[in-house]
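Next up is one chain by itself, shown in structure tokens, the form predicted on its own.
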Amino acid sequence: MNSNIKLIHTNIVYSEDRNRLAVYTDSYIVVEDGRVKGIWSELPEEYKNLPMKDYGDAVLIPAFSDLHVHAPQYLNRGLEMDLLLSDWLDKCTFPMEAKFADAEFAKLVYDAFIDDMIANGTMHACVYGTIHTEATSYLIERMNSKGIKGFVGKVNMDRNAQADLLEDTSESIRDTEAFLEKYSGNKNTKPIITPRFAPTCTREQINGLGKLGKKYGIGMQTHLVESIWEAEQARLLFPECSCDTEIYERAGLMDNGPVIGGHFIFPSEDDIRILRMYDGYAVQCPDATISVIAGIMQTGALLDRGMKIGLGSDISAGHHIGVFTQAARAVQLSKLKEFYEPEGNRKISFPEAFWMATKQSGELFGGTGSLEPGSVFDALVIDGLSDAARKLKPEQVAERFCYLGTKENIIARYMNGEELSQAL
């Protein structure tokens, strides 16, 4: 028998599909070569002599995926939350990102960011760096060495930002190409083209990035229609385009790999049509919506139209690095959307939000985000959420964790089939 087999006994919850949670009480899960072999209520004879981890009444769930997070803004979380987007960028975000010209400073921040992300149960992520190649190289190297499946982008912007964050357009393209060439062979964390958003990128820069995407077969992440201000700026600066998303389509940035559009709060019909056509992800970032965006994604309506939607912490417009919290916020905001704008909108269920944060997003990283047979075993064991007077069902434990849990409720973490140290 294969020696690389792990056997765990506990309660198990994961998304069967968008509307249903699969729930296994008092069950056994077998992991072989880092992937789930199967789940049984009674252990098959062939596994009965294997050593077993028994977590008792705890609950095993998939690890979470963060589809939109800014690593250099980690030190800003929970600060300047009374500002709206444009002022927040100028007064809070850009001054912090300029400090990442100092590679030693960047290393301190990125080490803390990565450790905190894993501690909070996020094991797959789409991450923005800064314009600084040395700092962003450290970020992707550290994530890759930790085994985190994800994408990291060297940010591109050559207008409408403070002077020390503005790139020369030609140098920006050259630096980006060197970054893509160096890291495209990474096993776990791969590079992705990252124009910050239309207001900070010239047409020449975006077109140049489109040529790199085609040359290297690499996808794109950016911010899409995240605010009324941003959408208006995109139309003013690119009047030949009918919508924000068309800017990137015309440049050929949506043909080459994953497309991840952060926020997608104010999409036109053309935005929706184009993103769907390229099988792209729209990313809801609920805490950021509340703090600086001033709008709520039409999550239920977009899901019903077949859009792929994931969740993002959006540190530091969002203040909590744990994506599990965003599953709860997504439900809450969908209720507000339906209440204040009932036409065409609906609330989403907790199973839908949990699915977005795990299985739907996990598909982006290659067969993770689930505990069904064949899935990469990236998982969390959560406990300490029932009350003395009320023992919760496993699915209730998962829900309460998303609303009330902290990283202290995660008593074990598994990545790529291996248990991680608890010293996080």
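Note that the structure is predicted; figures quoted are calculated from it, not measured. All residue numbers are counted from 1 along the displayed sequence.
What comes next is about the form predicted in complex with another copy of the chain, which does not appear here.
Partner contacts here mean any heavy atom within 4.5 Å of another copy of the chain in the predicted complex, and among 231 to 239, 197 to 205, 212 to 220, 328 to 336 they occur only in 328 to 336. Taking non-hydrogen atoms only, residue 350 approaches another copy of the chain to within 4.5 angstroms in the predicted complex. Looking at residue 319, you'd find a heavy atom of it within 4.5 angstroms of another copy of the chain in the predicted complex. Using a 4.5 angstroms limit between non-hydrogen atoms, residue 77 touches another copy of the chain in the predicted complex. With a 4.5 Å cutoff on heavy atoms, residue 287 counts as touching another copy of the chain in the predicted complex. None of 257, 147, 252, 295 but one reaches within 4.5 angstroms of another copy of the chain in the predicted complex through a heavy atom, and that residue is 295. Interface residue among 341, 171, 279, 304 relative to another copy of the chain in the predicted complex, by the heavy atom within 4.5 Å criterion: 341. Each of 96, 387 and 396 places at least one heavy atom within 4.5 Å of another copy of the chain in the predicted complex. For the partner-free chain shown, nothing in 235 to 253 comes within 4.5 angstroms of another copy of the chain in the predicted complex, judged by any non-hydrogen atom.
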